[in-house]
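The data below hold one chain only, encoded as structure tokens and taken in the form predicted on its own.
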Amino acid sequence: MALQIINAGPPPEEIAEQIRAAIAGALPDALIDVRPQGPGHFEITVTDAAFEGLNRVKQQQLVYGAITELMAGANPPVHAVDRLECLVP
């Protein structure tokens, strides 16, 4: 009997682009790098002047706020952000 993965979702590269687009919508001047690490797992680096003067938690909240919809629901396309780096240019 073969194992069948039901509703595996879109490929990681497609989800990475959705993450990038969502962050770009919230932080339009940001440089964004999204790297798939495995099914539903990603590493994200965002560089934006909007982070200046904010502590690390506030910086990361800006990014997580942008991708909330991708992490919501019973079977979200983003299960975890394994690493989130927020940089000021």
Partner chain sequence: MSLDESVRQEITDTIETNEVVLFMKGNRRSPQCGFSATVVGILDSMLETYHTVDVLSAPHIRDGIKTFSSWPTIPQLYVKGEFVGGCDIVQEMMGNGELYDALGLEPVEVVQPKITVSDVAAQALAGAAAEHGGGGRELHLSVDATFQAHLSLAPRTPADVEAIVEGGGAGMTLLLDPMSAGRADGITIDVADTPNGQAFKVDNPNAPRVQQMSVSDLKRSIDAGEAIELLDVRTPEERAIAAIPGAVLLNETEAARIEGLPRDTKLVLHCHHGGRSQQAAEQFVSLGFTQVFNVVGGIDAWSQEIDPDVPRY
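All values derive from a computational prediction rather than experimental measurement. Positions refer to the first chain, counted from 1.
One more form of this protein, predicted together with the partner chain, exists but is not displayed; see below.
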Original post:
Gln37: heavy atom within 4.5 Å of the partner chain in the model of the complex?
Top reply: no
**OP:** May I ask you to state whether Gly65 is within 4.5 Å of the partner chain in the model of the complex, using heavy atom distances?
**Re:** yes
**OP:** Verify the contact flag for Arg56: yes if a non-hydrogen atom of it lies within 4.5 Å of a non-hydrogen atom of the partner chain in the model of the complex, no if not.
**Re:** yes
Original post:
So, in the model of the complex, is Ala24 in contact with the partner chain at a 4.5 angstroms heavy atom limit?
Top reply: no
**OP:** Quick one: name the residues from 59-73 with any non-hydrogen atom within 4.5 angstroms of the partner chain in the model of the complex.
**Re:** Gln60, Gln61, Tyr64, Gly65, Thr68, Glu69, Met71, Ala72, Gly73
